[in-house]
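Shown next as structure tokens: one chain only, the form predicted alone.
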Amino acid sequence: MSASPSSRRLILTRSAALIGAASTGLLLPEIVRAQSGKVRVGFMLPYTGTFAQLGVAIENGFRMAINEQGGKLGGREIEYFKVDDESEPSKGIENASKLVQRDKVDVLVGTVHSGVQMGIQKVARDSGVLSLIPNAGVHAATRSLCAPNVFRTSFTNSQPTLALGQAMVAKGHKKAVWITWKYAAGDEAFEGFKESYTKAGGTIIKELGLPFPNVEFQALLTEIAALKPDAVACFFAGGGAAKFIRDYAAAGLKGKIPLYGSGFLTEGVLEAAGPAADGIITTMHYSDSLDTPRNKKFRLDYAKAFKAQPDVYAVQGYDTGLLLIQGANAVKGDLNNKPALYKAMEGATIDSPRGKWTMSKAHNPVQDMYLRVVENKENKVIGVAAKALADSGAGCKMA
């Protein structure tokens, strides 16, 4: 179609006006939305099944951090979207894609299960959406598959056990047996223990394992009794951890061969484990009993808000909120300003209930690991096993 000279002049004049308006951020819809529309936050967490309680605690913690800011991010209102990931790795990519493509979230918060996280990781790397990991400790997320838009606020699977070896050798335990489920998290936890224990002068005389989530421990406990190590170190979590603790005591090993573990061994299972857990020593980046004003205030506020006691998962959700708040405030709510957003998050110091922590170059927390002992159904802090401990970030090359 052709246009008359006067029509062309009108079109050009209007185009110039639009370009001028766009340069000042006045007219284009996406620019307006970036500044004043709602931030779209997607939760991809387990809301059913074994890890449902963990998913709820993470969301509670996140919302609590946001609510402390008046319910806004960088001055912008928030709209929440939720997908139950069912702790099902085969649905990881599909579920993450729903939040990114269907709901068009600006931020994706998830998840607990490391297998599901690998699906989220692929979607995050392909789409560029800001992805915040509030729990899953799988190494690849902040090692070989790291990305500028992916930040973890929890731990790597080897971080707690990286602090364990020195503490055991310091107590005179020079020969140890390691036992875990034979799956990714168990293997990665062993990596940290092996490095720290052998470096401190300890010898691992046997590695024992059983398929996840098998809880028939008797044969392996009989083997431990025959080996007579100075101590046993392990990685178990959840209901399986509670049974292992009870079976360890029932086999007559409690009181004879000291039991150590990654902090997940005694996290959230002390009621179920009962007196059998007393005396177990673990390393972890948080403890309910941390005697600091920051932790006490957090625990009180959380209990008031949710009528429940917070755990490490609630803390990690809370810290995920704190990290996002720092980034959003730095860019005045414009999450499309990704270079400035990521720079602010990379340089953040998080004033957490667990203690202040910073972000590594691979986007994983650099944090203190506490030495804890179980006494009367409580993980009591008895010292700091490692100060400002960082994961290696091996193989991480930021695009």
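All residue numbers refer to positions in the sequence shown, first residue = 1. On a predicted model such as this, the values are computed, not experimentally measured, just so you know. Here, rigid core means the biggest group of C-alpha atoms that superpose within 1.5 Å across both forms.
Beyond what is shown, the protein has a form predicted together with ligand PHB; the following relates to that form.
Engineer: Since only the chain is shown here, I'm wondering whether L54 would be in contact with ligand PHB in the predicted bound form (any heavy atom pair within 4.5 Å).
Structural biologist: Judged by the heavy-atom cut-off of 4.5 Å, L54 is in contact with ligand PHB in the predicted bound form.
Engineer: Using the partner position in the predicted bound form, report whether N157 sits within 4.5 Å of ligand PHB, counting heavy atoms only.
Structural biologist: Result yes; N157 sits at the interface with ligand PHB in the predicted bound form.
Engineer: Flag N135 as yes or no: does it have a non-hydrogen atom within 4.5 angstroms of any non-hydrogen atom of ligand PHB in the predicted bound form?
Structural biologist: Looking in the predicted bound form, residue contacts with ligand PHB include N135, since a heavy atom lies within 4.5 Å.
Engineer: May I ask you to check whether Y183 falls inside a 4.5 Å heavy atom distance of ligand PHB in the predicted bound form?
Structural biologist: Yes, Y183 lies within 4.5 Å of ligand PHB in the predicted bound form.
Engineer: Just give me the single entry in F217, F264, F190, Y260 that has a non-hydrogen atom within 4.5 angstroms of ligand PHB in the predicted bound form.
Structural biologist: Looking at the other structure, the residue within range turns out to be F264.
Engineer: Of the residues V109, L324, L164, V112, which one places a heavy atom within 4.5 Å of ligand PHB in the predicted bound form?
Structural biologist: In short, V112.
Engineer: Which one, 171 to 179, 232 to 240, 68 to 76, 200 to 208, holds residues whose non-hydrogen atoms are within 4.5 Å of ligand PHB in the predicted bound form?
Structural biologist: Residues of 232 to 240 come within 4.5 Å of the partner.
Engineer: Superposed on the rigid core, does the Cα of F212 end up 2 angstroms or more away between this form and the one not shown?
Structural biologist: True for F212: a C-alpha shift of 2 Å or more.
Engineer: Is T180 displaced by at least 2 Å at its C-alpha between this form and the one not shown when the rigid core is overlaid?
Structural biologist: Yes, because once the rigid core is superposed, the C-alpha of T180 moves 2 Å or more between this form and the one not shown.
Engineer: After a core superposition, would you say E267 shifts its C-alpha by at least 2 Å between this form and the one not shown?
Structural biologist: Yes: E267 shifts by at least 2 Å between this form and the one not shown.
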